[in-house]
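Just the one chain here, the form predicted on its own, laid out as structure tokens.
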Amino acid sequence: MSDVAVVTIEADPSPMALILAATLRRAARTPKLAASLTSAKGSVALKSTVDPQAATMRFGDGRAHVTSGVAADADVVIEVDVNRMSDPDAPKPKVSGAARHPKLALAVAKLLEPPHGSWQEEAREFWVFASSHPGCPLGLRVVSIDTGSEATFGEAPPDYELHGTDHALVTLFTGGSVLGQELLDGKLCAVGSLRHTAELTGRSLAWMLGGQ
């Protein structure tokens, strides 16, 4: 079943709606989660506790539809610090309505954390997406500071490098973070030009919003 057909989105979506749609589409690539998505019924809203961002996922008729804001009839509302969702020690979200709709809440919790490959596998997918865009570096070297393992993509010697923990690398390459912010927060380190940093930051943002 096509994940594009399973997950739809409103005509003029907010960034939060785009991010949730991208996450659901990633989840739908896993057969077990795709089955969970198509069988789910009800609506779940995700609301930021640190800014006005919010979006609602409505499940039914074998698909999910994502809209901006918190729907008035949302069965479950998840309130979360969106700035720390990808942190290893992220605070637990506040969930309303789960007691009345436990099956829906559990299904969505799993859909919002789709499985991923190794950081090397995820980096390869990101590189295929990003490298065709004008302004990107011709080669990229990625190094894990946890294990010392590394991978190089594109031309050698690479003209840009990224260093970080396995968690930070996986988060970036699965669309869970934006490069520029990760560099500012000290979660990743880069060796390369500002021009390439800007371009890869833009590509990572596009990857987060669904790979457009």
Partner chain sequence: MDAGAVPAWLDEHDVRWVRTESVSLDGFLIGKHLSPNKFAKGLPLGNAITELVLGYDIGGTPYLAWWDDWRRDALGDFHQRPDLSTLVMVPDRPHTAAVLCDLVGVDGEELPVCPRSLLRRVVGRLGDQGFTAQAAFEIEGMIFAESVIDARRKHFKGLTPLSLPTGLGYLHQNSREQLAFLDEALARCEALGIFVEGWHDEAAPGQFEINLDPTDPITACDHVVRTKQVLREVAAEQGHIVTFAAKPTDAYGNGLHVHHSLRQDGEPVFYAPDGTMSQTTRHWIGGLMATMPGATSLLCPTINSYRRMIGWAAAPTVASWAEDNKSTALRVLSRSPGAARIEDRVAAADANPYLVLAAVLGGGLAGLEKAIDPPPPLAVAGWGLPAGWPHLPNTITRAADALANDALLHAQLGDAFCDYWVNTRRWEWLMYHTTGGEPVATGVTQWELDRYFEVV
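Positions refer to the first chain, counted from 1. Since this is a predicted model, take the numbers as computed values, not measurements.
The same protein also has a form predicted in complex with the partner chain, omitted here; what follows describes it.
- Using the partner position in the model of the complex, report whether residue 52 sits within 4.5 Å of the partner chain, counting heavy atoms only. Judged by the heavy-atom cut-off of 4.5 Å, residue 52 is in contact with the partner chain in the model of the complex.
- Taking heavy atoms and a 4.5 Å cut-off, does residue 18 contact the partner chain in the model of the complex? It does: once the partner chain is placed as it appears in the model of the complex, residue 18 has a heavy atom within 4.5 Å of it.
- Counting only non-hydrogen atoms and a 4.5 angstroms cut-off, does residue 6 reach the partner chain in the model of the complex? Close contact is absent here: in the model of the complex, residue 6 is far from the partner chain, nothing within 4.5 Å, heavy atoms only.
- Message: Check residue 14 for me: does it contact the partner chain in the model of the complex (non-hydrogen atoms, 4.5 angstroms)?
- Response: Residue 14: contacts the partner chain in the model of the complex.
- Which single stretch, out of 160-168, 44-52, 147-155, 28-36, brings residue heavy atoms within 4.5 Å of the partner chain in the model of the complex? The contacting stretch is 44-52.
- Relative to the partner chain in the model of the complex, which residues of 128-153 have a heavy atom no more than 4.5 Å away? Read in sequence order, no residue approaches the partner chain (within 4.5 Å, in the model of the complex).
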